[in-house]
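Okay, here we've got a single chain as structure tokens, the form predicted on its own, with questions on binding and movement later.
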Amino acid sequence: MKKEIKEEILNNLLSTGADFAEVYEEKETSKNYVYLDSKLDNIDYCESEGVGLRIAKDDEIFYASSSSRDKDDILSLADSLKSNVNGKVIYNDVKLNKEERFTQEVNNNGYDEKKIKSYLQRLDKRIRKLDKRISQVGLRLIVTDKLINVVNHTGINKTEERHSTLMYVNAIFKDGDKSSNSSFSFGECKGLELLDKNIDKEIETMLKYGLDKLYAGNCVGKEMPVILGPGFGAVIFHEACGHAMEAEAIATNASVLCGKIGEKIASDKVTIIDDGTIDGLWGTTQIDDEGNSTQRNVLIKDGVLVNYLNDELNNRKLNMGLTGSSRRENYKYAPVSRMNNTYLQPMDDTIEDMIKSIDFGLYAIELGGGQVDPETGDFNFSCKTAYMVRDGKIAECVKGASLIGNTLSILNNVEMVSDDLKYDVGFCGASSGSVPVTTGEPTIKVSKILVGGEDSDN
């Protein structure tokens, strides 16, 4: 839509006394390649576009969206939305700034559909040849291009091009009646040049974990020291800690971390950062979905809580300044404060020393799904890949392990942190939909966590 039309819509939204008005416009295309049973099983092409309107009056927020970008349709939507507010006009004759445009360089390295199919075919064959116990290989490639524009009553008028490529690799292992699966993924805010990434190490690791899990015994359950592996091991901090630092939870007193700014809530080993500016990472953008610049936000520093992730409207209650953290899945959702690329800062402890320091414990290399209550901080996470640690050595692979605990407890029990920081990609669901995020962590040792398992220690 033209600038003049957006100004007209904003003024219409403000005409009944709203003190905030925003128009968010988006166009997105994506291709999803599914390679299964050694053939390109499906290519899904999706294109969507639409507009989201948001107004606020004091603490009340109203949102509506439409897949139409027709001026009359949007003005009709605005009329419906503004009917929720009845008061004296605060803003009129809104004028937008000159559009600021943020672009993203991509290099697809000649990957057309023929070359993509050839890449998937070669990768499938390569993995299947590794071991006769690999019964199935699944590959999935998702390529997304998005263009957003956000304007609001303060004059903000910003547009960003966003491009991303994501690859999933999964292998199923079978031996008689035993089965297991192992997988990895890699994604960045790049074009198809991502497919030129060397993934030899990831494939080798997938094979090892898949075969180890094929013959895994039951996990021993009890409270014990736990080593959390790098990368996706950080999901425990993302879920149990990160969400508790988002303004949506803080502003409604629905977080265990409410009112704790300046307090020591973790061990000295814990510094947690959320950074939406790291070049190429999966959760990186140049502006957030309110049009504010993304930034590097230190949330916990040497164990002290120093900041929350904040957005425009929740900042009315918190008055702590914006952190460039407002995100949404698409135009159908109103944005709220969310994480981008969240990681635990590395230190200089060694993994060897961590393992040697444990007489009996768990090495949780990969975490799976879980639940967390942000109000209490209580959490429960399953382990995708885990090994027992006995007498200072990594022992047998185990299945059925889960980690049960509390946010404040685990933060205070972080005892050792290594320097092997690794980033993993994923999607995070919340009230503003599912957004791409990065979790990052070096290998760490937690002095004690309650481990759930099917066997008891004798």
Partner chain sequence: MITKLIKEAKKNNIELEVLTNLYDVTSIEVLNGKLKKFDINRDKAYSLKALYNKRKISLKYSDISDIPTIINRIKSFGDIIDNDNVDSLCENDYQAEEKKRVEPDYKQIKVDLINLCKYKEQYKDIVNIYFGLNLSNSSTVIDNENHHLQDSTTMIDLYSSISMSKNGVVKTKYLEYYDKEFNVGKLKKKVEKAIKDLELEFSATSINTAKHRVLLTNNVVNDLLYTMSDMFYSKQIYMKVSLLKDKVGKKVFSDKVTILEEPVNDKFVVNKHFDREGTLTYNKIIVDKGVFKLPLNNLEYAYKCGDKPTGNSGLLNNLHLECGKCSFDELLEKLDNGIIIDSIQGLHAGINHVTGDISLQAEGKLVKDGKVVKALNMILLSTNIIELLNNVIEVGSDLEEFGIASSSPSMLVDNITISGSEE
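Numbering follows the first chain given and starts at 1. In this text the structure is predicted, and so the values were computed from the model without any measurement.
Another form exists, predicted in complex with its partner chain; not displayed. Remarks below refer to it.
Judged by heavy atoms within 4.5 Å of its partner chain in the predicted complex, the contact stretch among the candidates 351-359, 364-372, 157-165, 292-300 is 364-372. Though the partner is left out of this view, residue 190 does not reach within 4.5 Å of its partner chain in the predicted complex, counting heavy atoms only. Taking the partner from the other structure, its partner chain in the predicted complex has a heavy atom within 4.5 Å of a heavy atom of residue 379. In the predicted complex, its partner chain sits beyond 4.5 Å of every heavy atom of residue 346. Contact check for residue 99: no non-hydrogen atom falls within 4.5 Å of its partner chain in the predicted complex. 76 is the sole member of 103, 92, 76, 109 with a non-hydrogen atom within 4.5 Å of its partner chain in the predicted complex.
Note on contacts: among 267, 183, 136, 205, the single residue with a heavy atom within 4.5 Å of its partner chain in the predicted complex is 136.
For the marked spot (42, 117 and 405), a heavy atom within 4.5 Å of its partner chain in the predicted complex is present in each of the three residues.
Residue 172 is the only one in 145-172 with at least one heavy atom within 4.5 Å of its partner chain in the predicted complex.
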